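The chain below stands alone and is given in structure tokens; this is the form predicted alone.
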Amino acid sequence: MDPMNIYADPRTENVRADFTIDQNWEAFTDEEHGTWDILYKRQMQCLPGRACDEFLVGCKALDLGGGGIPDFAKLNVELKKLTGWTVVAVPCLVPDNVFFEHLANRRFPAGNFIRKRDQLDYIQEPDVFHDVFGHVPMLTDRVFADYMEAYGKGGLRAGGFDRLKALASLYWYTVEFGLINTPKGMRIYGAGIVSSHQESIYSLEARSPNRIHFDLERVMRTDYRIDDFQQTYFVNASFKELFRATVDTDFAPLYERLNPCFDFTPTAALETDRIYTRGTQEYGRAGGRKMDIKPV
């Protein structure tokens, strides 16, 4: 995101130094609260059996279905009690350095607006439903909450390496569009999926996308698309695997190995990938071994 374009947005006129604004919850209209309720009800009819338990438990713990757009002041009481995180209101997308600073200090920036009724299935810029319903339930899980903090701290250290695109790809394929393998089967945890009715179904049940076992460097070398369903999803064995891959890696030599541009397209499937096969209990490499997983 170009910082100059961000600060040219008229919505940023009265932002604080950390890009936050007051939520001003009382200013939301009945129609806006109703839009949240429509979206929430639709997703909660779709996600049981598809979203991971950590997400569903988080929704309940934070009472996101209590009626209307959540009041951040009330939401933060429960969230901070659970993992020390809070949600802060922002007017639009924030600059990278500001975003990393918030995450590194266990603050999640959420857009202070909600989509129109004719945009229920797609909105170009993340709104409060995507940011709060999609992201915040996972912040009630201690391991994932620690991963998000570690990602923010990593982002702050990455500025001198000119590899923010690679770091953005890591965020995209985990926090936004990640899948996880569980004893109950493959499940969704990425916010971009759980907040989308159609992609919640597509990501697990469509035949076309690759579902590849998570490998940190492979992820950071892979381009992604923002205008359609993903053609590649990366699957974690556990949130501990995701956290350890981040905190145990010295990113400096990794950044030196990475090219400024991505090496792999969003549709690439490599001989070395461990690809999960839809509807089976197996994943494997081309000509390689297979291992058991639960069917989706």
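Sequential numbering from 1, following the sequence displayed. This one's a predicted model, so the numbers in the text were calculated from it and none came from an experiment.
Below, we turn to the form predicted in complex with 7,8-dihydrobiopterin, even though it does not appear here.
- Not one of 71, 79 and 129 places a heavy atom within 4.5 Å of 7,8-dihydrobiopterin in the predicted complex.
- In summary, the region of this chain contacting 7,8-dihydrobiopterin in the predicted complex, judged by heavy atoms within 4.5 Å and restricted to 114-122, 79-87, 167-175, 208-216, corresponds to 167-175.
- By the criterion of a heavy atom within 4.5 Å, residue 101 is excluded from the residues contacting 7,8-dihydrobiopterin in the predicted complex.
- The closest non-hydrogen atom of residue 109 lies within 4.5 Å of 7,8-dihydrobiopterin in the predicted complex.
- Proximity of residue 96 to 7,8-dihydrobiopterin in the predicted complex: non-hydrogen atoms within 4.5 Å are present.
- Looking at residue 92, you'd find a heavy atom of it within 4.5 angstroms of 7,8-dihydrobiopterin in the predicted complex.
- Contacts to 7,8-dihydrobiopterin in the predicted complex (heavy atom within 4.5 Å) from stretch 134-166: 151 only.
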